[in-house]
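What follows is a single chain, given as structure tokens, in the form predicted alone.
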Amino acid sequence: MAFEFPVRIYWEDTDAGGIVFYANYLKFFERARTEWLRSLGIGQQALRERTGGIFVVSETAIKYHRPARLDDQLVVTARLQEAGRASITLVQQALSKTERTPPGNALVHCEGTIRIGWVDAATLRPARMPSHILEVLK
């Protein structure tokens, strides 16, 4: 089951054509991942202070399907696809909160796969994720 995070589109999210600027979907995905972690009891600042490690994005693959516009309401999802000792991979989507296609599926605006690596916060070198974090994620 995917975690869901609501997003409303504001002027600051749009480009000169009045549609969501393509890079802003990455911001929406980041917010959803942060709130997904928080819903699992993982606060990133506290995690850094306790373990000395942080999550960093190491790879993205994004596909844009249809534009979102000013005042649209989206639901941004985050679903764990794979978890390893030093990284996790999530599948994320930005879905219309109000528009549906038969037989009732939400319209997809954007979807992607995001790989998140675990690194030592001081050196930014890859490290093994603490086992208690990995257990919570799985």
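We number the residues from 1 along the sequence you see. Predicted model only: the values in this text are computed from it and were never measured.
Below: the form predicted together with a further copy of the same chain, not depicted.
**Q** Counting any non-hydrogen atom inside 4.5 Å, which residue from 48, 85, 97, 79 sits next to a further copy of the same chain in the model of the complex?
**A** Exactly one listed residue reaches within 4.5 Å, namely 48.
**Q** Pick from 26, 91, 107, 40: which has a non-hydrogen atom within 4.5 Å of a further copy of the same chain in the model of the complex?
**A** Exactly one listed residue reaches within 4.5 Å, namely 26.
**Q** Test of understanding: in the model of the complex, would residue 75 fall inside 4.5 Å of a further copy of the same chain by heavy atoms?
**A** Result no; residue 75 lies far from a further copy of the same chain in the model of the complex.
**Q** Mark residue 130 yes when one of its heavy atoms lies within 4.5 Å of a heavy atom of a further copy of the same chain in the model of the complex, and no otherwise.
**A** Contact check for residue 130: no, nothing within 4.5 Å of a further copy of the same chain in the model of the complex.
**Q** Look up in the model of the complex whether residue 5 has a non-hydrogen atom within 4.5 angstroms of a further copy of the same chain, and give yes or no.
**A** Result yes; residue 5 sits at the interface with a further copy of the same chain in the model of the complex.
**Q** May I ask you to check whether residue 52 falls inside a 4.5 Å heavy atom distance of a further copy of the same chain in the model of the complex?
**A** Because no heavy atom of residue 52 falls inside 4.5 Å of a further copy of the same chain in the model of the complex, the answer is no.
**Q** Using a 4.5 Å cut-off on any heavy atom, which residues of 57-71 would contact a further copy of the same chain in the model of the complex?
**A** Contacting residues: 57, 58, 59, 60, 61, 62, 63, 64, 67, 69, 70, 71.
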